[in-house]
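A lone chain, given as structure tokens: the form predicted alone.
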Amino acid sequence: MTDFPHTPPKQSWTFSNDVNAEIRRAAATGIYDIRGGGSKRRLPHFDDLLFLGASISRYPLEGYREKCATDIWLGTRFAKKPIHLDIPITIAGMSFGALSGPAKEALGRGASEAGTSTTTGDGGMTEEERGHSKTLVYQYLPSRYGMNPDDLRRADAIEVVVGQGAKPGGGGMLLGQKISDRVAMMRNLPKGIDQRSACRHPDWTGPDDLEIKILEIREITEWEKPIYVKVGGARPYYDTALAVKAGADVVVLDGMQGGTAATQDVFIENVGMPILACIPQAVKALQDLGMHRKVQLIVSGGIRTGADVAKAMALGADAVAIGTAALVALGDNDPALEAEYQKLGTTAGAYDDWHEGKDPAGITTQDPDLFKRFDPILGGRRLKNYLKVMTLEAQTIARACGKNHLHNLEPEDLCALTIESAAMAGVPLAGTSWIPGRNGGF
């Protein structure tokens, strides 16, 4: 009798090793998984878009002789003192508490040297960040942690946070091991006790209240400061329209690839939309209201390169914000620290247990022995270099498309590699004139 070879065992896609491991972890502990960072699933992203460079039908610009401008004005709608930045790449809000004091200082140093802004995040304004930030945006969050009118006046712009891409509709967490004496004092919290930020503003019962809140902040700051409104990428058309109606100078739109210091893993991976799907809807809302380029649009969520910057701006954004990429530029998840990451049960490039406060890079920690390892001057220099490279990359692409300013990039300069990205971004599938969901022909 002939023995036939057995079919190799096949892993279930639905019940993969990762899924089974999470089921076992939940069964053993009875608690949900908490982590930092953004979504790790494969989502349609800027990599799925390509630029159509100039040849005969378009006229390119000479890279070393013809200028391609990068500057941006933010807050020109109502603010007496709008912000002028040299580059359209800003640093997103990341709190002191989530980050160490030296890390916040490095963000201020690097952003200032590159000619752009940084943002406070939850928990208030640190002197390190204010002192080293030429342009500082002050976040006004539902938690109100660390908020005071004096710091509103010391800021260069105010960002009213309604939602965040990693957790639209939810609040963040800062676990007790990161609530040091200083963090507790700034947030008016007990030391060492887990803290969860509110998911909505305490004086918020509907979108009409946003208009009242913006007017209150304008009165406190004598109408000098630009007022941003930040929303998570969930219903970008309506949220953008309502922010404009409420009087925002700038709308900040954060997609689900954006990071967070700590929240439930199930939230990060299952709530929100990719930024690629969000930008066209927000731009459409601004266009329908006759406010595109009058109310500026800043987008964030997984932006890593100058190509990402250029693609976001071609889709209609005025500027971008980076968070996770800025931390990597400072030195987070550095392979040089692989041995220490392995001691924590992880590896460089995958470390996301920022809430535990054990970051060997000294960036996402309040442990003085760890954050003393981090040199804010060197970190600021690294961030400046990274921002410079991103800007040069975006300029290279813009010149290749015949544009003398990054803001002149447009959807017509793009094509998509997949049906999904073509439908989300609203640009043709490569080699065709077909935009899925918008027209039927090739």
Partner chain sequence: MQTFDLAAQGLRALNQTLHGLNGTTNQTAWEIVNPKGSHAIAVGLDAPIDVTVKGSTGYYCAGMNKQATVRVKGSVGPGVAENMMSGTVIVDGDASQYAGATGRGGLLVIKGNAASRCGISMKGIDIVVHGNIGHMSCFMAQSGNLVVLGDAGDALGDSLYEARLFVRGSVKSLGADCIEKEMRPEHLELLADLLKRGEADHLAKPEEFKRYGSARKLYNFNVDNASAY
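Residue numbers count along the first chain shown, from 1. Being a predicted model, the structure only gives us computed values, none of them experimental.
Although it is not shown, the form predicted together with its partner chain is what the next lines describe.
Remark: residue 31 counts among the residues lining its partner chain in the model of the complex, judged by a heavy atom distance of 4.5 Å or less. When its partner chain is considered in the model of the complex, residue 73 lies well away from it, no heavy atom lying within 4.5 Å. Contact check for residue 192: a non-hydrogen atom falls within 4.5 Å of its partner chain in the model of the complex. Of the heavy atoms in residue 147, some are within 4.5 Å of its partner chain in the model of the complex. Just one listed stretch, out of 161-169, 323-331, 183-191, 358-366, contacts its partner chain in the model of the complex at the 4.5 Å heavy atom level, and that stretch is 183-191. Of the residues given (270, 287, 205, 342), 205 alone sits with a heavy atom within 4.5 Å of its partner chain in the model of the complex. Site annotation in the model of the complex: the residue of 234, 220, 307, 246 reaching within 4.5 Å of its partner chain with a heavy atom is 220. Using a 4.5 Å cut-off to its partner chain in the model of the complex, each of 140, 196 and 209 places a heavy atom inside that distance. Residues of 255-288 include none with a non-hydrogen atom no more than 4.5 angstroms from its partner chain in the model of the complex.
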